[in-house]
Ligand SMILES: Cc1cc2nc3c(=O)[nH]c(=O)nc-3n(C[C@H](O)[C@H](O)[C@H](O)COP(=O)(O)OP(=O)(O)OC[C@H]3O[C@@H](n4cnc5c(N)ncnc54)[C@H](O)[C@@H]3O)c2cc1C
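Below, in structure tokens: the form predicted alone, a single chain.
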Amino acid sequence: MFDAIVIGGGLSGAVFAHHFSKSGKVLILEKADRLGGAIHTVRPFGGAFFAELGAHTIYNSYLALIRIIDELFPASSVIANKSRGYLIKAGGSFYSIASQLSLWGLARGALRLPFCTKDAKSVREYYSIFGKNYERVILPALSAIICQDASEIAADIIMKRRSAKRTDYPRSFTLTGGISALIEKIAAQDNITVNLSTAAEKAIKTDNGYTVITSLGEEIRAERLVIAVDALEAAKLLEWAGDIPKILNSIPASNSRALLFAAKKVDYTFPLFGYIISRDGDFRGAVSRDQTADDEYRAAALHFLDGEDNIYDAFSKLKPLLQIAPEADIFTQTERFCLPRLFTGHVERMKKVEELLKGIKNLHLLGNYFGGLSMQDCAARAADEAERAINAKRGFNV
């Protein structure tokens, strides 16, 4: 008998399992053949070189993650990122960010900014005060960051200002072995059991807990249920939970496609960069491995527009621009990520969900559709919910 069943082995589910495992046994059910979800470190050539196909950077403001890193990793595992700068691709050429900005538009927007609020405004409504800078730089940049069209996304959800930082950590960094090393360390701990390639087909609330029926035909019982999957999948599992599935079903999803490529440095000679933001419509953005440079290899992940299926064809067209030699031996791997579209009014919808959850004992909902898409947003909620679960287990009113 497990104390908690966690459905979903992405960052949210792993963080909850990490904290709760200190007071009980946890089972993680993951339908994929790997843990991590949107965290996906790849080792293209079978050695120490790694690159990120999903989330790529930890910042020193990601306190919920750093708390776990403090517990599980020596200081020597932290690798500081080097600043490589941003580029904008427009008209088939590459430009610096500064060259694409209108100083007059920036100045006019800065004067209006103190009188503007992000509340109940979309990205377009809020950032358009910066004039043509919005279409030329701000919208493409925000769309690249969240891997979807950002124009109608709630302005108060993305690009949050985080004042609390750990100054003993680099501003941005990764870990030896990549960010997936964090998930792997968590999963290897005592009191955590992981079942991969095992989907939760149904979750049933019982008088003394929950029963989960898996794709393997198993019936697994636990006192506590943690659902850490996307909103639409969570809604299917919670068909018995009053108005909660109705609200979750109202959150639209966006499928994001990514392609990681890696090659020897001699075959990939494009100048070192950190990020490329595309205004051409062929892809949203590219994140480079150059921030943690390697002596022999380079890599980058390209994030494509929603609905783009022929991403290998799109990559072939980009290879000359990226200065990849025609005869180069290129490693490629693709991934599809399901991301929520957090429109205006989303915060209020989630407050309603929180109120409804108070009436259902020992149930926890986690994921990137609550407070934001960043790793910090996901990890912070998971840590808070784990603390609430531990307190309830100890008999405190929460």
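Bear in mind that the values here come from a model prediction, so they are computed numbers and not experimental data. Note that residue numbering follows the sequence shown and begins at 1.
This next part talks about the form predicted together with this ligand, which is not shown.
In the predicted complex, does each residue in the set Ala199, Leu339 and Met375 place a non-hydrogen atom within 4.5 angstroms of this ligand? Yes, the whole candidate spot contacts this ligand.
Contact label in the predicted complex: Lys31 to this ligand, heavy atom within 4.5 Å: It does: once this ligand is placed as it appears in the predicted complex, Lys31 has a heavy atom within 4.5 Å of it.
Answer for Ala4 alone: is it within 4.5 Å of this ligand in the predicted complex, judged on heavy atom distances? No - in the predicted complex, heavy atoms of Ala4 and this ligand never come within 4.5 Å of each other.
Is Asn368 near this ligand? Define near as a heavy atom within 4.5 Å, in the predicted complex. Yes - in the predicted complex, heavy atoms of Asn368 and this ligand come within 4.5 Å of each other.
Is it the case that Tyr62, even though its partner is missing from this view, gets within 4.5 Å of this ligand in the predicted complex, heavy atoms only? Although this ligand is absent here, Tyr62 would touch it in the predicted complex, with heavy atoms inside 4.5 Å.
Segment assignment from 277-285, 98-106, 245-253, 224-232: heavy atom within 4.5 Å of this ligand in the predicted complex: Every other range fails; the passing one is 224-232.
To verify the annotation, which of these, Thr57, Thr344, Asn362, Thr334, has a non-hydrogen atom within 4.5 Å of this ligand in the predicted complex? The option sitting close enough to the partner is Thr57.
Using a 4.5 Å cut-off on heavy atoms, which residues of 273-304 contact this ligand in the predicted complex? Only His303 sits within 4.5 Å of the partner.
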